[in-house]
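Only one chain is given next, in structure tokens, and it is the form predicted on its own.
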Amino acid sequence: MALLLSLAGCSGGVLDPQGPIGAADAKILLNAVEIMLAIVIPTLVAVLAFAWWFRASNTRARYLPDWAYSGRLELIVWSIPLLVTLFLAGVIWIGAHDLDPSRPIAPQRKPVEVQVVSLDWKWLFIYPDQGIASVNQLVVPADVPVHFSLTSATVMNMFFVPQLGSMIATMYGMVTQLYLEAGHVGDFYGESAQLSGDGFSDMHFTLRAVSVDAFAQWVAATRQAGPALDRAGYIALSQESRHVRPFTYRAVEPALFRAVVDREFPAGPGPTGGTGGPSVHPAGAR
């Protein structure tokens, strides 16, 4: 329990949630640990108690070499794991419905739309309503739901902001949905949580949660600088690259994300293993 409490104080990870989804995920994790302790703690206590009672110097301990069965012990042995399983199943069942990634956090509030494309080895974030995009930097308003539509231009990756919760896959030719919300202004670490080749260690980004006014100012400033992202620019961006510093696009070609999902562009080569071997293409790549 002391270890659990110390982990709860760690900053920057899943046990330091900074949004409603992250807080709900952490609650499920801690509840599951507490329920499983119903088996762990009595088992540890029983081991110590049995070792002490049946020590060689205890003449009061009964030695029963022919003992084979006890209905009462069988009831205890099976009832505790059964109850733990039922409790865990209930927690998972409720959590799976309440935390469905595609379920809006607050249906009455309009979310910010962000389209995510995982590339080799960087992240492209498109803001369709604002008509801008960024690479390896995600800026969102705090206390406002964000609706992510995610795909991959290469092999499967995992989009994950630990403090906000809900890791989700990005897959070639498919779109996954995710709702998140930052509970306050701050910078939060984001990453790919699935190995995707030589440049995997570079697939991280910063999610900047800013005030609503600061977000509007960032959008206005982004529209005034940087290149425009068209199809030719996207093909150039999709090539393998490492250590890509964050930058922005002042404009994005309409329906670019849909074109990526519909496989109108060549698939990324994916990991080569660093040995010059054949490229690994996603299933169904042209």
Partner chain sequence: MTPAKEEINADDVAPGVMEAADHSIRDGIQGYLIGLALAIMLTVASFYIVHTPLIWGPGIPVALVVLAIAQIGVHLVFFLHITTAPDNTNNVLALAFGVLIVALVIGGSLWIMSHLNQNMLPMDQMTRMQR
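The structure presented is a predicted model; accordingly, all values stated were derived computationally and were not measured. Positions refer to the first chain, counted from 1.
Beyond the structure shown, there is the form predicted in complex with its partner chain, which is absent from this document and is the topic of what follows.
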Give a yes/no on whether Phe257 approaches its partner chain to within 4.5 Å in the predicted complex, heavy atoms considered. yes
Just to confirm, Gly173 within 4.5 Å of its partner chain in the predicted complex by heavy atoms? yes
Is Val244 one of the residues lying within 4.5 Å of its partner chain in the predicted complex, judged by heavy atom distances? no
Contact of Asp262 with its partner chain in the predicted complex (heavy atom, 4.5 Å): yes
Residues in 77 to 116 that come within 4.5 Å of its partner chain in the predicted complex by at least one heavy atom, in order, are Gln115
